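Next up: just one chain, as C-alpha cells, the form predicted on its own.
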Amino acid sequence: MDAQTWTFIIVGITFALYIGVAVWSRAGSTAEFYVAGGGVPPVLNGMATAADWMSAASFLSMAGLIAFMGYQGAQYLLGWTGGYVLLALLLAPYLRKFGKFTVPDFIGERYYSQTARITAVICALFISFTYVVGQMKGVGVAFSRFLEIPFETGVIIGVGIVFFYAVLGGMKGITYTQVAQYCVLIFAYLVPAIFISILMVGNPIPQIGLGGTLEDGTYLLTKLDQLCTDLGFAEYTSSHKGLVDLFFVSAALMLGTAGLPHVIVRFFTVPRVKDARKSAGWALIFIALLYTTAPAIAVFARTNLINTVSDKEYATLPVWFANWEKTGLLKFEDKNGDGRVQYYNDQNEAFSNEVAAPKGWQGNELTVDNDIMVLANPEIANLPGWVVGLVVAGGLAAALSTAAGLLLVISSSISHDLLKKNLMPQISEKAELRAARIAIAVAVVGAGYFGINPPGFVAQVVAWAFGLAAASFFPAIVMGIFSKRMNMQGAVSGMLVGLLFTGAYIIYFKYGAGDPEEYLFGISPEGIGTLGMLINFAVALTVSYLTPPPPTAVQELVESIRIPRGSGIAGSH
C-alpha cells in the first residue's frame, strides 16, 4: 500500500479511538467537565499532561526550527523542558492544595478581587487563543499533504474533531483522550527517528546516533556543519543570534511554561496533592522521550534535505518533493532558468559574490516551511508508507490534544470565572455547563479562522503565547504563593503592564514598522516576555508596598498553602 492509503487507515483508526474514548468518558457534571472529577490516577494524568503540553509546536515545529536554526534552536528545548521542571516543583503542588478549578479562580480568590479575576480571565483568553491558533495550523499542515486536500479544508476537519470531543467530554473526556493521544504521538515520533538513525549511522538510539559517524567515517554533525557552510549558512553547531537573545527566549519559554493555564489545570484532576507531584514526575519522563529525540530528528532531516535537493536537477527530484509543492509549503522558483535547485543563503553577501555569482546563481530558489520537516522526514529518508502514515497520526494527536486542553481553559474562563463567579452568580450547574460548551464552540471557530490565516510558524506563534504567559501570569502566581504582602492592587497592575508591554512589542516588531535592528537590548519578540515578566514584578512590588496589605484572612491562607499539613486531603488549607 502507498503512504496515502496507510495514512487514511492509521488516522482513521486513531480518530475512531479518540471519539470512542470521549463518548465513554463524557462529563456529566461541572466538576467532571472542568477537572475530570479530581480522580485521575497519577500515571495517566502524567501521560495526559505530556500530551497536553507537547503540542504541534513540540511535535511538528520544534525539530523543524532546530533543523534550520541549529544550535540556536536549543532555546526551545531548554525553555520548554526547564519550564516544566519549574512548574512541577515550584507551583503545581501549591496550586493543587489551594483546590481551585482554574488559574483565574486562584488569582481571584488569592487577590480577593473580581478585578483581579477578570484581569486573569483576559490574560488566560489571550494566551490560550494565541496558543490554540498554532495547533490549528499544525492540523492543517498534516491534513493538507497526506490527505491531499487544501490546507484550509484540513484546518476545518481538525476544528470539527476537536469540537466534538471537547464539547462532549470536557476535562474528563479530554484527559482520557489525551492518554490515547500520547501513546500515538510518542510511538509516531520515535519509530521514524530509530529507522533513520539506523540507516544513517547504524545506531538504533537516535540520541546517541546524533553524535555518530557516517559510512565514510566522518561525524554526522561535522558533515552537517560542512554542508551548511558550503551553502553560505552559519555552522549548524554554532550560536549565530547572540547569547543575550538565546537567554531571554529560553527564559521566556521557561517562565511561560510555568504560567500556562492549560498545563496548570491538569494538576487539579488528581485526587491528592502528593498525586500532583507524582503526575508531574511521570509527565517529565514522558516528555523527555520526545524532547531528547528532537535534536536528532532535526539533524537527520536537515542533512537529508541538503543532500537530496541542493544543486540537483529539478526534473529528477523524488516524488515527495512534488507532493509537498502542491501544499504550497515547499516552493521551488527557478530564478536563473537552469533547471537545478540552488539552495543557499543569499543573505550572505560574501557567499553570494564569491561563490554564487560565478556559478550564475541568482538567489535562493528553495523555500521550505519549517513546520513540514518532521512530516516530510520519513519521505525524504524513503521510509515505508506505514511510517509516513504513523507520523501524520502523531502530528494530529499532538495538535488536537493541546487544542482540546486550551479550548477547555477558554470555556472555563468564560463560564466559570466570568459568569459563575462574577456576572451571573446564581447560574445553575446545567446552565454553566451549557455556557462552557457554547464558549468552546465559539473559540474553536475563531481558532480555525486564524489557523487558516496564521501569523507565523507554529512554534513561533506558540513562543509568543509563552512570552505573554511569562509576562502576565507567572509573577502573579509566584507572589500569590510565596508573598503574604502581595495585594490585589500590585498583582493587577503588574499583570496588565506586563501583558500590554509584551503584546505591544510583539505586534510592533512582527506586524508593525519595527526593524530587527531596533530590538531592545537585542531581544527578539520571542524573548521579550522575560523583560515583560521583570517589569511585572517591579510594578507589582512597587504598587503593593504603596497600598494597604492584604486582609489577615488572605495572609493566613497564603501561609497555609505552603504548609504540608493535611496535604492528603484534596483542596485543604
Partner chain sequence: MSTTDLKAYWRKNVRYLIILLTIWFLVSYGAGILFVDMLNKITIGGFKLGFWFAQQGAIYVFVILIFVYVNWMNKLDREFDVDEK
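Positions refer to the first chain, counted from 1. The term rigid core refers to the most C-alpha atoms you can superpose between the two forms while keeping them within 1.5 Å. Because the structure is a prediction, the values reported are computed rather than measured.
Omitted from view is the form predicted in complex with its partner chain, to which the following refers.
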| request: Scan 427, 481, 306, 179 and let me know which has any heavy atom within 4.5 Å of its partner chain in the predicted bound form. | output: 481
| message | Between 502, 342, 377, 250, only one gets a heavy atom within 4.5 angstroms of its partner chain in the predicted bound form; which residue is that? | response | 250
| Exactly one stretch in 279 to 287, 343 to 351, 306 to 314, 489 to 497 has heavy atoms within 4.5 Å of its partner chain in the predicted bound form; which is it? | 279 to 287
| query | Among 77, 93 and 562, does every residue place a heavy atom within 4.5 Å of its partner chain in the predicted bound form? | reply | yes
| 4.5 Å heavy atom contact, residue 323 to its partner chain in the predicted bound form | no
| field | Partner proximity in the predicted bound form: residue 237 to its partner chain, non-hydrogen atom cutoff 4.5 Å | value | yes
| query | Using heavy atoms and a 4.5 Å limit, would one call residue 82 a contact residue for its partner chain in the predicted bound form? | reply | yes
| Within a 4.5 Å heavy atom cut-off, is residue 274 in contact with its partner chain in the predicted bound form? | yes
| query | Which of the residues spanning 42 to 80 lie within 4.5 Å of its partner chain in the predicted bound form, based on heavy atoms? | reply | 66, 70, 71, 73, 74, 77, 78
| After the core is matched up, is the C-alpha of residue 229 off by 2 Å or more between this form and the one not shown? | yes
